[in-house]
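Before any questions on binding or motion, here is one chain by itself as structure tokens, the form predicted on its own.
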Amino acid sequence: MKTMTKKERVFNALNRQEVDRPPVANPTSVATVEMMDLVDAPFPEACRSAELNARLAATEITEFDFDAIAPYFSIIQESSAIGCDMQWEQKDNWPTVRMSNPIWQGSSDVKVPKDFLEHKDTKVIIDSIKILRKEFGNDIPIIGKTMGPWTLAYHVFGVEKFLLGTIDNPSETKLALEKLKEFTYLFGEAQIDAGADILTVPDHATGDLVSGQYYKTFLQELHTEMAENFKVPLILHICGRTVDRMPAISETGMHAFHFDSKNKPEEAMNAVQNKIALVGNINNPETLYSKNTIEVKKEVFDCLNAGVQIIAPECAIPLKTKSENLIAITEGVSDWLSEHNKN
């Protein structure tokens, strides 16, 4: 088979078609302190400056030889633009929303600020994508990211209040999600217009907090609508134990699901029945952060033997992850391919 461009390889994998080799692409973030130091683009500045953001994002290609670039490192850019109380931290910590101080009480408060797409913290991602598209051309896919309404609800209402509302007043919860999805569309479409080829939609209805039935009740229809309306492939991301909602996710029309190491590759593949591609699921807090390259490659082999289409860390990687363990992901794919071809 002829050698594919990185973009061809990723798109074929997303469509569950033949590839020259399985691609490696993290649809969340591979930003690390080591890379921040290497290219002089530290947090939080790399989350707030387009030039620094693009410089740090580019290391995914230049240093790790992954098959895509994902320039949105955190999950809070929209929330900052909406007006949430922010804690930007330093280079070895993720910026966060102070959810103890929610800005809205209910669906009637949800309004899109007039300058939402012009705010510094949304515009930085849009402008970074433009820089990366110009620098890398059309053969390397750029993965944008736009928060789903469930994630945004945590940020603007507070986790506890929002989750209690799903029990006390589910119709109000659905109305809030319906209104919050406008942010998902606005920011996602702006990134597509800037040059994003794919969008990750993190929507953290994790098994650690809610049941699979919650996903079906509150999010499956919204996600199906997004898959129909966005003009680029979507990768849904939900952390935690999610195998109980994977059959429903596989029915949404999303191209792929980015899944956590709390779900074994084999059971995840069985759950989606080849109706959707899987992206993942190399363990972050133990394997990538503290184990060696041998252990990383073992997990790569486990994913590929199960049939996982795109190999990636399970989520945004720990900021102090060692580069050698990220390089080992790409090497692991090559090792597996060599062994696979011998057989």
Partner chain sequence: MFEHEGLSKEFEFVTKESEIKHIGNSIQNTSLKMQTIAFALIQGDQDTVGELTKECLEEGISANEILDNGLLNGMSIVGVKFRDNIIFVPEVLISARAMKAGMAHIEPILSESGIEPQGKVLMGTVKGDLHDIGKNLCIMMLRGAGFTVYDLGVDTSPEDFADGFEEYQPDVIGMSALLTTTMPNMGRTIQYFEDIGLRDDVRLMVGGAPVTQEFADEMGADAYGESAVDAVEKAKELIVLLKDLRD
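This one's a predicted model, so the numbers in the text were calculated from it and none came from an experiment. Residue numbers count along the first chain shown, from 1.
FYI, the form predicted together with the partner chain isn't displayed, but the following is about it.
Checking Gly195, Pro102, Gly207, Pro265 for any heavy atom within 4.5 Å of the partner chain in the model of the complex turns up a single hit: Gly207. Residue in contact with the partner chain in the model of the complex (any heavy atom within 4.5 Å), chosen from Glu172, Glu160, Glu221, Glu178: Glu160. Proximity to the partner chain in the model of the complex holds for none of Leu186, Phe230 and Asn281, with the criterion being a heavy atom within 4.5 Å. When contacts are judged by a 4.5 Å heavy atom cut-off, Thr166 counts as touching the partner chain in the model of the complex.
In the model of the complex, the partner chain stays beyond 4.5 Å of every heavy atom belonging to Val156. Within 4.5 Å of some heavy atom of the partner chain in the model of the complex lies at least one heavy atom of Leu319. Contact annotation: Ser250 falls outside 4.5 Å of the partner chain in the model of the complex, judged by heavy atom distances.
Considering the partner chain in the model of the complex, the lone stretch of 230-238, 117-125, 134-142, 82-90 in range is 82-90 [heavy atom distance within 4.5 Å].
Of the residues in 113-138, none comes within 4.5 Å of the partner chain in the model of the complex through any heavy atom.
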